[in-house]
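Presented as structure tokens, the chain that follows is alone, the form predicted alone.
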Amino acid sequence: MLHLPSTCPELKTKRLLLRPFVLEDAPRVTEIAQDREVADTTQSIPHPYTIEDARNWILPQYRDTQEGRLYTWAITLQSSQEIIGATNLEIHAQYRWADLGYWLGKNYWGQGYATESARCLLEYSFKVLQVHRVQAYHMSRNAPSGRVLQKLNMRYEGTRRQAMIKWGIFEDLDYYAILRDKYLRH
């Protein structure tokens, strides 16, 4: 049985605080997400990205969390509380698994923040939510995202060829997953 809380809790790592977004975060989300390079390898960030896009993305998050469908966190630096990106878990309760997603502002790439936040969500998924499986995917051309998933001991499960369209171009998606028993053994 899954344990699906109706609120998105704050989670801490060595350097990060993961917290729910609030509407007042819309200007910062816009600032980060409007970078074309950030939007380029994400499924749902449009370009150009406006403050209205940020508000429309933040507003349903509380309802989604209450319904136990989607938990979304702002990735913030503990030292400054500055938002540097976002991470989420989309819950598929009937199958007891979750999809893990994340994105970071370009200035924060290559510093281990994606791995650190995703590792925190794996722990939350398996130890608190009690899911059986966590999976994630990335565009095949986004090799750094694949390295994040490999660092989490997630297993490559295959590539779905031309499974998504981004800006009119078909994109291949690489899928990874980890099962609860493997996670708990490490």
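Numbers for residues come from their place in the sequence shown, where the first is 1. Remember, it's a predicted structure, so these values are computed and weren't measured experimentally.
Only in words, not in the display: the form predicted in complex with a small molecule, which the text now covers.
Asker: Just to confirm, with a 4.5 Å cut-off on non-hydrogen atoms, which of 65, 135, 145, 30 contacts the small molecule in the model of the complex?
Answerer: When the small molecule is considered in the model of the complex, the option within 4.5 Å is 145.
Asker: Could you check which residue among 41, 159, 153, 50 gets a heavy atom within 4.5 Å of the small molecule in the model of the complex?
Answerer: Of the candidates 41, 159, 153, 50, 41 is the one lying within 4.5 Å of the small molecule in the model of the complex.
Asker: Out of 22-30, 122-130, 136-144, 55-63, where are the residues with a heavy atom within 4.5 Å of the small molecule in the model of the complex?
Answerer: After filtering at 4.5 Å, what remains is 136-144.
Asker: Consider residue 91 of the chain shown here, and say whether it contacts the small molecule in the model of the complex, taking contact as heavy atoms within 4.5 Å.
Answerer: No, residue 91 stays farther than 4.5 Å from the small molecule in the model of the complex.
Asker: Is residue 115 one of the residues lying within 4.5 Å of the small molecule in the model of the complex, judged by heavy atom distances?
Answerer: Because a heavy atom of residue 115 falls inside 4.5 Å of the small molecule in the model of the complex, the answer is yes.
Asker: If you check in the model of the complex, is residue 97 within 4.5 Å of the small molecule, heavy atoms only?
Answerer: Answer no; every heavy atom of residue 97 is more than 4.5 Å from the small molecule in the model of the complex.
Asker: Answer for residue 104 alone: is it within 4.5 Å of the small molecule in the model of the complex, judged on heavy atom distances?
Answerer: Residue 104 belongs to the contact set for the small molecule.
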